[in-house]
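One chain comes next, on its own, written as structure tokens: the form predicted on its own.
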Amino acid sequence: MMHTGTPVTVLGLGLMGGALAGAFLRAGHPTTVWNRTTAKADDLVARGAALAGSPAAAIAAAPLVVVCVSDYDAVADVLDGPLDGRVVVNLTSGTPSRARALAEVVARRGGGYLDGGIMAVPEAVGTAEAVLAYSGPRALYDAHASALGSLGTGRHLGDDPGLAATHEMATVVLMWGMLNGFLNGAAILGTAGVSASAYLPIAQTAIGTVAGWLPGYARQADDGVYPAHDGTIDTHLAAMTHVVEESGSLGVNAELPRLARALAERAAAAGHGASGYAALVEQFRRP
């Protein structure tokens, strides 16, 4: 393999870390890898990667160091040493506060720091379908955007190192909401002998319809004005009550619709019964 790009190091070779290293190799970057279990590097070494004997050796091998390990404690372990002139791109999931704290540690050790989140499965890494969000100094991102582009479509979210983790938290909440809603619906339909596979086309249509509402909901959430274009919260409350009661009679879990009803009841009590559904954002903004 011809190595023509910026040298990079990848620390951590789990499913995602291995995919990141493989994408760098395919794009022609001289790639150094390290993992506690060295056998996980065998395939990458066979494809041209260099295996470092320690995290320090791996960090010394390249100006761009990508970290993808189990948690922030593991990140601290592998970055335990000088980082003079290195740019650390941490793609490990964590919290905004820990991202900001790690950025300060890296700066004290002479390095630059970008935090990131991978919005893709490992198989998509290295394609345009993989979206990676980054936060930290824009100049650092711009300097390495070409190399990071080997991993997928990059988006810089802002100079605050915690922004990528904050976006990741918001996105997984969205993901859980959609998946839990589908699985709850599948459980309800299962009582009528309808399979989840048979439900799928209607569910996908409904998700597409709701996705089309998001631009309007985003404007309402930003403006604090909630016109009832698609039904009032009071109307939704009636439907929620039907789902809660029927779930009980069917013998399926009613926790999810009960939570939705509780939030809507609070919104109505706060004077938003005649408002659109987006008024619930005020409930989510409260601790």
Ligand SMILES: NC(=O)c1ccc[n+]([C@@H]2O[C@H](COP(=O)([O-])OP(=O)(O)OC[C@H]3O[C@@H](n4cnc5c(N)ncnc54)[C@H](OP(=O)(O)O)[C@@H]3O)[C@@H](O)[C@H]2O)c1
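Numbering starts at 1 and runs along the sequence shown. None of these values were measured; they are calculated from a predicted model.
Form predicted in complex with the ligand: not shown, discussed below.
**Student:** The ligand isn't shown here, but in the predicted bound form which of Ser93, Asn184, Ser150, Thr166 has a heavy atom within 4.5 Å of it?
**Tutor:** The option sitting close enough to the partner is Ser93.
**Student:** Identify which of Ala143, Leu157, Leu189, Ala120 has a heavy atom within 4.5 Å of the ligand in the predicted bound form; exactly one of them does.
**Tutor:** By the 4.5 Å heavy-atom cutoff, the listed residue in contact is Ala120.
**Student:** Might Ser249 be said to contact the ligand in the predicted bound form, defining contact as any heavy atom within 4.5 Å?
**Tutor:** Heavy-atom contact with the ligand at 4.5 Å: absent for Ser249.
**Student:** Is Lys40 close enough to the ligand in the predicted bound form to count, meaning some heavy atom within 4.5 Å?
**Tutor:** Lys40 belongs to the contact set for the ligand.
**Student:** Answer yes if any heavy atom of Asp77 is within 4.5 Å of a heavy atom of the ligand in the predicted bound form; otherwise answer no.
**Tutor:** Asp77: yes, in contact with the ligand in the predicted bound form.
**Student:** Do Thr235 and the ligand share at least one heavy atom pair within 4.5 Å in the predicted bound form?
**Tutor:** Thr235: no, not in contact with the ligand in the predicted bound form.
**Student:** Among 275 to 283, 261 to 269, 21 to 29, 6 to 14, which stretch has residues with heavy atoms no more than 4.5 Å from the ligand in the predicted bound form?
**Tutor:** After filtering at 4.5 Å, what remains is 6 to 14.
**Student:** Counting only heavy atoms, which residues in 33 to 68 are within 4.5 Å of the ligand in the predicted bound form?
**Tutor:** In sequence order, Trp34, Asn35, Arg36, Thr37, Lys40, Cys68 come within 4.5 Å of the partner.
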